[in-house]
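As structure tokens, the next two blocks hold two forms of the same chain, structure 1 and structure 2.
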Structure 1
Amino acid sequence: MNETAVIRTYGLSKTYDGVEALKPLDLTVAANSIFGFLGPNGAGKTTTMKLLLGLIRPTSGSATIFGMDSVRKSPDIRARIGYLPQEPRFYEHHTVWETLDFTLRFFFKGPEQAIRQRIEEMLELVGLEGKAERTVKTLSGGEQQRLGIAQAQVNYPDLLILDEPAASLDPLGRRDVLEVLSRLRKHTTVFYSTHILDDVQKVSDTVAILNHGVLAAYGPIETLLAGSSGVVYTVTLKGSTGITRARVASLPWVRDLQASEREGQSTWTVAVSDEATAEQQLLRTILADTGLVVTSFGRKRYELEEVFTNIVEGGAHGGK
């Protein structure tokens, strides 16, 4: 695959009966990235995925996948995609094997031996090898999810679009899915939505957060986690902090200092305007007070959950 950007959207939007499910969206998903697509329920994630797959038509704007228009070239695009719906629904009377065989034959017509081997590989990958002859209706929710993951990958897709791939899975199943996603990075681009922010933080390299149909944050995960409120340090101290706190707060390169007390320790969150000066002088200034013990000092790193909550609840954050 030579494309540097696998997905590009240009003001892509969707309105249902006058309600804007997705406001004009401009997004680029780079090749071989694991792109986490986040947002609360009803944010427009599934709508975006369905637009990319040609299952629904955009109200305005357009998208290209592998450089092809998502509406006019939809079947050609789908020949290179694997898709896992949010709530996978397969033909209930099909067995697990038949479901994978049916999926595979949209792409390949033979040879039979290779088809059988590929199905066996997929069953092994998702841990369903002992359930090949079970009908779909007898599978648990987690097993159906695993089958969904298998059928999405069965055609060696260049792009995987996964809508909540870890939903309905137990912690071990989730871990397996994350491992599979990481392994696929070499060959495939993964565009996936999830509510499990911890998973996103573990495997994604780029994240977009959608809220009420609007792209609220978008960028490399490191940028997002660094935050948009400038450089912030956190310091934990023991001792009488009043005088030093006032001194630090009055320094010209300190923008803000918030302090909290817990279990005899003070935690300061210090926002600075001059990173280089802060790096040299902040800790030194604090330690000048010999009555204080610094138990931890470091640059604040946001958790994705914090970033997400800030955005969804109305705060601003992120790398967009």
Structure 2
Amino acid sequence: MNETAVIRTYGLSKTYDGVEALKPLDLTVAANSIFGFLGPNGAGKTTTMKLLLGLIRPTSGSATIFGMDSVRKSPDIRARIGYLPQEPRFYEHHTVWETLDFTLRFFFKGPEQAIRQRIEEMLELVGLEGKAERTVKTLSGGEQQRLGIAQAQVNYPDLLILDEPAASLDPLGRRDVLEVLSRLRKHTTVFYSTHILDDVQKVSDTVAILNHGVLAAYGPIETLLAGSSGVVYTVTLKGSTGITRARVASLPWVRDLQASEREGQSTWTVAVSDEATAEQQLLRTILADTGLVVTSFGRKRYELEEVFTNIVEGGAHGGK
């Protein structure tokens, strides 16, 4: 695949009965990336996926996938896509092998040895190689979800679209699915929706957050986790902090200093404008006060849940 961008949307929108389910959306999804698509229920995630899959038509705007228009070239595009719905359905009396064999023959007509080899590759990829003869109804929820990913991947797709791939799984099942997603990076581009923010933080390169049909944040996950305040340090201290706190707050490269007291300790959140200078001088300035004991010091790293909550509850908007 030669395209550097697998998906591009240009003001893509959808209105149902006068209600804007998706407001004009501009996104770019890079090849061989794992793209996390987030948002609360009703945010427009499923509507976006249906538009990309050609299952519904946009009200306005457009999208290209592999450089082809998502409406006019939908059959050509779908031949290169694998899709896993939120709740995959199988013939429960079929074995794992029969399930993949049945799906693969829609895309590939032979020879038999090549079909067998491809099924074996998929079983190994998702960790089901020892369960090929098990019937679907005897599999755990996590195993069925991995079978769904294998089924979506069996036609060598250039794009894999997954709708809540780990939503109903326990922690072990989610871990297994995340491992599969990480392995898929070398084979395809993964575009998936989820509400499990911890999972997104573990595997995604890029994240988009929808809120009420609007793109509220979009960019590399490292950028989102850096927070909107730029470079921020957190410091926990014991002792009388008043004089040193005033000294630090007055430094020209300190933009803001917030302090809180708890159980005899003071915690400072220090936003800085000059990262290099702060790295060299902030801790030294604090330690110059020999009456203070620093119990922790480091760059603040936001959790995705914190970023997501701030955006969704605060109505903040960002962009790339």
Partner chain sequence: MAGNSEFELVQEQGWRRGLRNLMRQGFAGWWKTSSWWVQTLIWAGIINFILAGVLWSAQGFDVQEALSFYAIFAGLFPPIAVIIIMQDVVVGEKLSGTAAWVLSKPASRTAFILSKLAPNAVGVAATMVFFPGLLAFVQLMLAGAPIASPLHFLVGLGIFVLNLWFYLTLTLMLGVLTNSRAAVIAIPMAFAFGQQYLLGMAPVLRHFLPWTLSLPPGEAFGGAIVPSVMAGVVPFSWGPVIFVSVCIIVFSVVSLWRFQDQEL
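Numbers follow structure 1, counted from its first residue as 1. Not measured: the values here are computed from a predicted model. Here the rigid core means the biggest group of C-alpha atoms that line up within 1.5 Å when the two forms are laid on top of each other.
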Does structure 1 or structure 2 depict the form predicted in complex with its partner chain? 1
Please identify the hinge among Thr48, Tyr218, Phe35, Pro157, treating the change between structure 1 and structure 2 as motion between two rigid parts. Pro157
Superpose on C-alpha atoms and tell me the smaller rigid part's rotation against the larger one between structure 1 and structure 2, in °. 21
Once both forms are fitted on the core, what is the Cα shift for Gly148 between structure 1 and structure 2 in Å? 3.4
Cα shift between structure 1 and structure 2 at Leu139, which is computed once both forms share a superposed rigid core (Å): 8.0
